[in-house]
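One chain comes next, on its own, written as structure tokens: the form predicted alone.
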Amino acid sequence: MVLLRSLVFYLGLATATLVFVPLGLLLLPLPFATRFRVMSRWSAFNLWSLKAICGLDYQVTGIENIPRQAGIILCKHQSAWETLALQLVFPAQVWVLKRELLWIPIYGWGLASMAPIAIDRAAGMRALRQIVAGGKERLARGIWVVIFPEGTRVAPGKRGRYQPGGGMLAAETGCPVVPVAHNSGYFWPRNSLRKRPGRITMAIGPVIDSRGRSAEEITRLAEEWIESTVAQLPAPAPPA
């Protein structure tokens, strides 16, 4: 039954994608904030259907920690769920992502329409410079920048190496850094079709003031808060 519900959810997600991608292309002449407000309804629909079909809901703590100024979100990456939820929790935003995602037919076109910072992860320092240059430009326009510092999805209980791009961007701009932790990987496992019913918890941490701090210190502070918080978030009981 869980697998069947999950397949129905994906059918709805695919249908919504076919509707929103052409819409995103038509909206390109409009200001980014307007486009984001419209296109984030795709995420709202998918989170609604995830709850209605799969019984998977979520709760957010620490919303009061979100500053008014556009900043840098450093978020734990366990599944695709957080890419949906962040769009409803935070203001207009762009993501740092691997450029290969833009090559996916239809879905990639929709991603490209939302001005992501697409990098070649194998490019080393050149990729870091892309993050800093692209991030500066977006932040100057009042657009938030979302970075998954581990670079890829990591299963619950595991920790990837935190990359320095987010810390470098923060140190260069002095913009606030908001760490985000969650336990989505228990319910939406990586490389699995099944969506387990329950409630995901997303925790938003206190702002890290990047002014006067090095990229290394900013990255370390974010990693310490994220990993210590993830360890405290509840794991669901094993299925009967």
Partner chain sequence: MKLVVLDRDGVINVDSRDYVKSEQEWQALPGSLDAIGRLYRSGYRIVVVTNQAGIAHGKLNAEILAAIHQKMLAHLSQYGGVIEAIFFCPHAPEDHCNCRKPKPGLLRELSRRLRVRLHGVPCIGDKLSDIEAALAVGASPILVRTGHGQAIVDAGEVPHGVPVYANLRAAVDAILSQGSAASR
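These numbers come from a predicted model, not from an experiment. Positions refer to the first chain, counted from 1.
Same protein, other form: the form predicted in complex with its partner chain, not shown, and the subject of what follows.
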*May I ask you to state whether residue 199 is within 4.5 Å of its partner chain in the model of the complex, using heavy atom distances?*
yes
*Does the 4.5 Å heavy atom contact test between residue 190 and its partner chain in the model of the complex come out positive?*
no
*Is residue 55 a contact residue for its partner chain in the model of the complex, using a 4.5 Å heavy atom cut-off?*
no
*Looking in the model of the complex, any heavy atom of residue 51 within 4.5 Å of its partner chain?*
no
*Just one stretch in 43-51, 170-178, 27-35, 63-71 has heavy atoms within 4.5 Å of its partner chain in the model of the complex, so which one is it?*
63-71
*Verify the flagged residues 206, 213 and 232 against its partner chain in the model of the complex: is each one within 4.5 Å by a non-hydrogen atom?*
yes
